[in-house]
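Quick heads-up: it's one chain on its own, the form predicted on its own, in structure tokens.
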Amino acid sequence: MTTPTTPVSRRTVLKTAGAAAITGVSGCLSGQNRPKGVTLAPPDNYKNLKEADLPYPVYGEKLPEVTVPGVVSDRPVTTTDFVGERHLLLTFVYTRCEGICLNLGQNLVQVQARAAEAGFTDDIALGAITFDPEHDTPERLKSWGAERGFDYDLGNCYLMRPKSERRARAVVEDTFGEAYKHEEGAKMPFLHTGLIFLVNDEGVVERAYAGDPPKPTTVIEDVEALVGV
């Protein structure tokens, strides 16, 4: 295992690793204890996740506001831009990844395709932020998305690229809690945890899928329940 780049990232990695261990634990929460501003029922393990003091926002918590340059429409994207307008499915990737990022991206692609098929494209935005801006140029990131299957013409896909490695660390790990370690020269130079947020149009997290990527069918079912189709 490589050494985390900073003491902050070490703490974050440890906490996020703990979250992965919690993911499969069952808990209980009555409907009357549901946080304000959510639509979906609490996840089975919500009580454990809430008590774990995780580095990323969980069910019922506000998604942090941050602005990152976009590469599809060539303008900055702010995570709160969608409040009052659309729900948001947001993840974190790097294009050299041949593992988990492919599955993270496919979750977004399949939700976009299902939304187009079922007629709720305008209700959901798909976002991905790279944490490898040195390699992931705007052109490379946009090509990666097209190869995965994103349809940019639908107008609900937002690929984002922080301007520097330092800014990427501040956004992806320190702001959203997606822990990663960088070891340049490795076949896949970033080791990361995997995180997808489903955020409602009030800016509140409905689901934080952490650890192994969820099945696309699971995410689609949650999105459809949120949209009400």
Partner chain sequence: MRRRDLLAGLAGAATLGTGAYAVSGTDILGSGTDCVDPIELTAVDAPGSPEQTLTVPEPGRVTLVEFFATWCDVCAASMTPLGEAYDRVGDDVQFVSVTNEPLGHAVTREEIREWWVEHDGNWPVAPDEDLALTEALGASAVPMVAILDADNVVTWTAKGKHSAETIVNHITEAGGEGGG
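This is a predicted model, so every value here is computed, not measured. Numbering follows the first chain given and starts at 1.
The form predicted in complex with its partner chain exists for this protein as well; it is not shown, and the discussion that follows is about that form.
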Taking 97, 151 and 220 as the candidate spot, are all three within 4.5 angstroms of its partner chain in the predicted complex by heavy atoms? yes
Considering non-hydrogen atoms and a 4.5 Å limit, does its partner chain approach residue 118 in the predicted complex? no
Are any of the heavy atoms in residue 114 no more than 4.5 Å from a heavy atom of its partner chain in the predicted complex? yes
Exercise: residue 143 in contact with its partner chain in the predicted complex, heavy atom 4.5 Å: no
Does any part of residue 109 reach within 4.5 Å of its partner chain in the predicted complex? Heavy atoms only, please. yes
Counting only non-hydrogen atoms, choose the one of 159-167, 50-58, 34-42, 198-206 that falls within 4.5 Å of its partner chain in the predicted complex. 50-58
Considering only 124-138, what residues come within 4.5 Å of its partner chain in the predicted complex, judged by heavy atoms? none
